[in-house]
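Have a look below at one chain only, the form predicted alone, in structure tokens format.
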Amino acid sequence: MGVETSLWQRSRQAAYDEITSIAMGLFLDQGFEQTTIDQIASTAGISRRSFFRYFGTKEDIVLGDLASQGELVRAALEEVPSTVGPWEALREALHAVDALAIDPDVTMKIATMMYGTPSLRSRSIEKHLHWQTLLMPDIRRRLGIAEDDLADPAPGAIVASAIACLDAAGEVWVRGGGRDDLATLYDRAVSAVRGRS
């Protein structure tokens, strides 16, 4: 049974990867909004119904990894010693999962498409809200706030601000044609939010 399950999972992952590759090629070639689900399904040789077995929305093709990356950031954050402050711990966690590293050759076109497409932008924000839910418990502990104390806005404000800084840094990175270092841009954004020069 285990071997059969593993084979099924590998087959499903291979199909997922192939559909993603085909869709991304279409998006980058003719634009995200100009590419339809029917066109993706047809090019991939699957039915529209089969498409929805792999993806909930067209936006999920571009942003699918963003949700799972949130789980990686949470795991990395929990590995940072509890003596490290919340802002520094978040930076370490983002760095640990390469959220502050970008491959310019691969990412520029995708990032440009994301920041220039309203539906992708809003879906990205939605997934980042999920990150906030994942990361807040750790930050709450670092601040010495009891788990059941939901009256203090500090943990949510810090996590939301860090995510907003990451988003702002990414947008500036795209506008600058990928010339700047994303981690440096993130640090500058955080310094501005924290009132540091």
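From 1 onward, residues are counted along the sequence shown. All of these numbers come straight from a predicted model, not from anything done at the bench.
Keep in mind that the form predicted together with the DNA is not shown, yet the notes after this line are about it.
Here the chain stands by itself, but in the model of the complex one stretch of 167-175, 124-132, 45-53, 151-159, 45-53, has heavy atoms within 4.5 Å of the DNA. At the 4.5 Å threshold, heavy atoms of T57 reach the DNA in the model of the complex. The DNA in the model of the complex is not approached by Q69, whose heavy atoms all lie more than 4.5 angstroms from it.
Contact annotation for I37: at least one heavy atom lies within 4.5 Å of the DNA in the model of the complex.
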